[in-house]
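The chain that follows stands alone, in the form predicted on its own, written as structure tokens.
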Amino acid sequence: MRQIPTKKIADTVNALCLQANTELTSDVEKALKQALKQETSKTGREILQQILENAKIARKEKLPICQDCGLAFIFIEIGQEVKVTDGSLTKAINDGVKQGYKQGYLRKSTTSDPLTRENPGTNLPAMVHTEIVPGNKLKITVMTKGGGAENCSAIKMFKPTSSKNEIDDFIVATVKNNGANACPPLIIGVGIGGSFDQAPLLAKKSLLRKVGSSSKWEKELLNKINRLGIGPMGLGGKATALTLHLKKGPCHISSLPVAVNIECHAHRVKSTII
């Protein structure tokens, strides 16, 4: 049994929060450069150039890529041969988030109550998803996701007899109706199957995939979305979305849930194994 102290976990989460908010990942940067090459709209090209310059400055100056430093989503894969020592795993994660957001002067965007809207100024609690896996390692992935893109997401409970075309229409319509408000070019996560609560989690987990490889269905959907003409920052053009990732899961025989989780161009994900 391998022992991992909570301080190591908290320090790791702290560092990942800082990195995620200030360093755009290489796969997203590559996709943005490719979108710039293909964009025909003059305004769209100028916006993409500004996005890339902003990412360059953020990395160099250790400043947030976006003023909305988001909710902290933490995905934990904990080996079944790992024992967390000196305290609680959840507390260690939250301590790391609190420290990272304070150290980096990152905007705290979490309210303690959805109706009173009180902001405790800690960005806590983190949204933690834990999975037990074989082995003696602990994988931590931090996604800091802004509210504007999250607000444009959707779920629909389809009938099990629904066709692929009906599902396609729902996904494309979700982007058409809301995508301009989510700071495109977008990264789109789609979850199909599971249950009412699992489909959105499948969609969000699909966003953790590296940009660059797509299935035939994903490419078809991406082409349909980019033909909408929404373009960078919703001002017209070809680059409405950089990629679309689809993740499926088993579901009840009478159900077919489909969730769309929209992400903005400031896709902030960092991961490490300890």
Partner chain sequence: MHIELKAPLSDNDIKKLKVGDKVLIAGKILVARDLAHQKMVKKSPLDLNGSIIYYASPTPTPPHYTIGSIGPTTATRMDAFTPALIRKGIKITIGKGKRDPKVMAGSVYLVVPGGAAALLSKSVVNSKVLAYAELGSEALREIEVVGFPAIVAIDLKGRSIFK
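Numbering follows the first chain given and starts at 1. If you're wondering where the values come from, they're calculated on a predicted model, not measured in any experiment.
Heads up, the form predicted together with the partner chain isn't pictured, but that's what we're talking about next.
Heavy atoms within 4.5 Å of the partner chain in the predicted bound form map, among the stretches 89 to 97, 195 to 203, 160 to 168, 67 to 75, onto 67 to 75 alone. The partner chain in the predicted bound form comes within 4.5 Å of a heavy atom belonging to A180. E46 belongs to the set of residues with a heavy atom inside 4.5 Å of the partner chain in the predicted bound form. Using a 4.5 Å cutoff between non-hydrogen atoms, L106 counts as a contact of the partner chain in the predicted bound form. Interface membership of P125, defined by any non-hydrogen atom within 4.5 Å of the partner chain in the predicted bound form, is ruled out. Scanning T130, N151, S112, N136 against the partner chain in the predicted bound form with a 4.5 Å heavy atom cut-off leaves one residue, N151.
No member of the trio S215, K219 and I273 reaches the partner chain in the predicted bound form with any non-hydrogen atom inside 4.5 Å. Residues from 256 to 274 that approach the partner chain in the predicted bound form with a non-hydrogen atom within 4.5 Å are limited to H265.
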